[in-house]
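Just the one chain here, laid out as C-alpha coordinates, in the form predicted alone.
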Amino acid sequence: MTNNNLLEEEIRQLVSNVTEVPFEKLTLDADFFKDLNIDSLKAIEIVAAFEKKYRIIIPEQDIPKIRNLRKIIEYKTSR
(Lines give C-alpha, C1' and ligand atoms only; values in the text may rest on other atoms or scores of the structure.)
Protein backbone atom coordinates (compact mmCIF):
# COMPACT_ATOMS: atom_id res chain seq x y z
CA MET A 1 0.00 0.00 0.00
CA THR A 2 1.41 3.41 -0.96
CA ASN A 3 1.67 6.40 1.35
CA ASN A 4 -1.19 8.08 -0.53
CA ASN A 5 -3.40 5.02 -0.05
CA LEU A 6 -2.55 4.95 3.65
CA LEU A 7 -3.31 8.66 3.95
CA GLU A 8 -6.61 8.19 2.12
CA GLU A 9 -7.63 5.33 4.43
CA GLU A 10 -6.59 7.30 7.51
CA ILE A 11 -8.56 10.40 6.49
CA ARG A 12 -11.55 8.32 5.41
CA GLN A 13 -11.59 6.68 8.86
CA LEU A 14 -11.30 10.07 10.59
CA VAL A 15 -14.25 11.46 8.60
CA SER A 16 -16.26 8.30 9.22
CA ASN A 17 -15.64 8.56 12.96
CA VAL A 18 -16.64 12.23 13.10
CA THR A 19 -19.71 11.97 10.88
CA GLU A 20 -20.83 8.41 11.64
CA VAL A 21 -21.13 7.87 7.87
CA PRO A 22 -20.11 4.28 7.07
CA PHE A 23 -16.51 4.00 5.85
CA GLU A 24 -17.67 2.34 2.61
CA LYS A 25 -19.97 5.26 1.71
CA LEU A 26 -17.10 7.75 1.87
CA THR A 27 -15.82 7.76 -1.68
CA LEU A 28 -13.22 10.27 -2.78
CA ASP A 29 -15.72 12.45 -4.62
CA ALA A 30 -18.87 12.07 -2.51
CA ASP A 31 -19.89 15.62 -1.62
CA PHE A 32 -20.25 15.95 2.14
CA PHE A 33 -23.38 18.10 1.84
CA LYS A 34 -25.16 16.91 -1.32
CA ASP A 35 -24.33 13.20 -1.27
CA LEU A 36 -23.81 12.39 2.40
CA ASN A 37 -26.17 14.88 4.09
CA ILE A 38 -23.49 16.14 6.45
CA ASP A 39 -24.51 19.41 8.06
CA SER A 40 -22.26 22.45 8.49
CA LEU A 41 -21.61 21.68 12.16
CA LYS A 42 -20.28 18.22 11.30
CA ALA A 43 -18.22 19.76 8.49
CA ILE A 44 -16.56 22.05 11.02
CA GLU A 45 -15.91 19.02 13.25
CA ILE A 46 -14.22 17.29 10.29
CA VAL A 47 -11.97 20.32 9.74
CA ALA A 48 -11.16 20.54 13.47
CA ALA A 49 -10.30 16.83 13.68
CA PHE A 50 -8.15 17.09 10.54
CA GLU A 51 -6.32 20.16 11.87
CA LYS A 52 -5.68 18.48 15.21
CA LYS A 53 -4.49 15.16 13.77
CA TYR A 54 -2.14 16.67 11.20
CA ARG A 55 -1.23 19.86 13.08
CA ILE A 56 -2.37 22.00 10.18
CA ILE A 57 -4.28 25.26 10.31
CA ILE A 58 -6.79 25.63 7.50
CA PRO A 59 -7.46 29.31 6.74
CA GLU A 60 -11.12 30.27 7.07
CA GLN A 61 -11.41 31.14 3.38
CA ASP A 62 -10.32 27.59 2.42
CA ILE A 63 -12.83 25.74 4.61
CA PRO A 64 -15.81 26.02 2.20
CA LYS A 65 -13.65 24.46 -0.56
CA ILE A 66 -13.25 21.23 1.42
CA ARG A 67 -16.36 19.35 0.32
CA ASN A 68 -15.11 15.76 -0.11
CA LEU A 69 -12.29 13.37 0.77
CA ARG A 70 -10.33 14.22 -2.36
CA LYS A 71 -10.16 17.90 -1.34
CA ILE A 72 -8.99 17.00 2.18
CA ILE A 73 -6.26 14.73 0.79
CA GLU A 74 -5.19 17.38 -1.73
CA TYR A 75 -5.03 19.92 1.08
CA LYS A 76 -2.88 17.61 3.22
CA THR A 77 -0.50 16.63 0.42
CA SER A 78 -0.03 20.23 -0.73
CA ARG A 79 1.24 21.33 2.69
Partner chain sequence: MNWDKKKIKSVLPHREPFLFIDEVIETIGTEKVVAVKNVKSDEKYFKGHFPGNPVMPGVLLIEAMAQASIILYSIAKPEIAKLHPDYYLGKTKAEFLSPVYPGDKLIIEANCIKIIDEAGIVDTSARVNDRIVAKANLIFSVQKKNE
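Positions refer to the first chain, counted from 1. This is a predicted model, so every value here is computed, not measured.
The same protein also exists as the form predicted in complex with the partner chain; that form is not shown, yet it is the one meant from here on.
- request: Report whether the minimum heavy atom distance between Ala48 and the partner chain in the predicted bound form is within 4.5 Å.
  value: Residue-level check for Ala48: yes, a contact with the partner chain.
message: Even though the partner isn't displayed, in the predicted bound form is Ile63 close enough to the partner chain, meaning a heavy atom within 4.5 Å?
response: Yes.
- prompt: Looking at the partner-bound form in the predicted bound form, is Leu41 within 4.5 Å of the partner chain by any heavy atom?
  reply: The answer is yes: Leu41 has a heavy atom within 4.5 Å of the partner chain.
Heavy atom contacts to the partner chain in the predicted bound form at 4.5 Å, residues of 19-36 in sequence order: Contacting residues: none.
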